[in-house]
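In structure tokens, one chain follows: the form predicted alone.
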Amino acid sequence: MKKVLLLALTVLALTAGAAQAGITLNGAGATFPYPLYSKWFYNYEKQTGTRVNYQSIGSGGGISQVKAGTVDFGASDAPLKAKELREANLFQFPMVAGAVAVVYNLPGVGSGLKLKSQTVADIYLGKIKKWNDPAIVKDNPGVNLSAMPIIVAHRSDGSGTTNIFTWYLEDVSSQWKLEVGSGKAVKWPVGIGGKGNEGVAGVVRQTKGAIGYVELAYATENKITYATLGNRDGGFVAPSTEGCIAAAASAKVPDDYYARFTYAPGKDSYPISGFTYLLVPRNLEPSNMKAFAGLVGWAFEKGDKDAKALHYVPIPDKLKDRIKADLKKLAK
């Protein structure tokens, strides 16, 4: 009798494991973290059997789809404010932090061109039109800068990367704040659009004289040169995990996890840094919520090495513990 009972319990355990392994989670959204998510989700399926389908369609699309209930989770670099979260019955939290690089295509000029933050804003306002503008030449003595026209590239889709970048432009330029503002999509004064970080990277890579903004991993993977930017303390800082860590140190993270730390203080702070978020419906089907919580827990425990290798910054352990506790309540 004991053997029969033991066998029955074993079969039930195996069946439950198989059911968990057979779950597929569907997500969509930000292109900013896609290099990392694609690696995480592939490794997670290999180790657990839970499949994660993720569409890299931009933060705006991810928010729309998770609100519509067509995916199990959305991804966005632009966090939602508390009122919008309540209205949509969503829970949001950061997964990693990352840097947005200002990239350019200038034949004969390598990475490290110095651009003050006000200069970047004036380029995107259309006030600085050529690469040998005095504002650029002054900060780059000895660099051979030609009269080549500056071709501005920006996102054409609703984008969390754009949200972080335009937060930064608001921080450094009163004219930008007054005339353009910030958000996942804005009315660009000048430039041509590319879809996703991939699209902007492609425009810059293929267009001489172009300047754009992409998540750091896209710049490094595509071997695109990137600028060293003036920060709030007056220094010039290249995009890096260290610069992002320094910026994130100033972040205050409330209960709804909405945090903004562009143009943060600190001599080592990189000025275009931010979190990338996941959003999940609070009423997600219980088995899927349990699988989702398992995915996040796995990423927090085993994903930091991959994050660092791809130039993302793992969030602090205390913040991970807060998020896991909140997800545990939702996954009951």
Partner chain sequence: MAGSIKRSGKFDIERAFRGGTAALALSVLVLGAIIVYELFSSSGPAFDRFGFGFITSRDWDPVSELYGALPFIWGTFYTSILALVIALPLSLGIAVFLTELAPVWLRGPIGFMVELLAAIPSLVYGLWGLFVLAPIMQEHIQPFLAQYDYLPFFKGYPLGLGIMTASVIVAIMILPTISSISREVMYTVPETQREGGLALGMTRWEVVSKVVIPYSRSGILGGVILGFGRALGETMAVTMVIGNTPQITMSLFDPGYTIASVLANEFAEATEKVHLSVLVELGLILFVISILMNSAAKLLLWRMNRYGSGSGS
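The structure presented is a predicted model; accordingly, all values stated were derived computationally and were not measured. Positions refer to the first chain, counted from 1. In this text, rigid core is short for the largest set of C-alphas that superpose within 1.5 Å between two forms.
This next part talks about the form predicted together with its partner chain, which is not shown.
Site annotation in the model of the complex: the residue of Gly126, Gly110, Gly235, Gly181 reaching within 4.5 Å of its partner chain with a heavy atom is Gly181.
Of the listed positions (Ile151, Ile245, Val253, Leu145), a single one reaches within 4.5 angstroms of its partner chain by any non-hydrogen atom in the model of the complex, namely Ile151. Contact annotation for the candidate site: Gly98, Gly294 and Gly303 all lie away from its partner chain in the model of the complex (no heavy atom within 4.5 Å). From the list 132 to 140, 110 to 118, 189 to 197, 255 to 263, the contact stretch for its partner chain in the model of the complex under a 4.5 Å heavy atom rule is 189 to 197. Among residues of the shown chain, Ala185 is one whose heavy atoms approach its partner chain to within 4.5 Å in the model of the complex. When its partner chain is considered in the model of the complex, Gly274 lies well away from it, no heavy atom lying within 4.5 Å. Among heavy atoms of Pro94, none comes within 4.5 Å of its partner chain in the model of the complex. Thr225 falls outside the set of residues with a heavy atom inside 4.5 Å of its partner chain in the model of the complex. Looking at 50 to 84, the residues that come within 4.5 Å of its partner chain in the model of the complex, counting any heavy atom, are Ile57, Gly58, Ser59, Gly60, Gly61, Ile63. After superposing the rigid core, the Cα of Ile63 is displaced by 2 Å or more between the shown form and the other one. Once you line up the core between the shown form and the other one, the Cα of Ser76 ends up 2 Å or more from where it was.
Taking 2 Å as the criterion, Pro33 counts as shifted between the shown form and the other one: its C-alpha moves by at least this amount when the rigid core is aligned.
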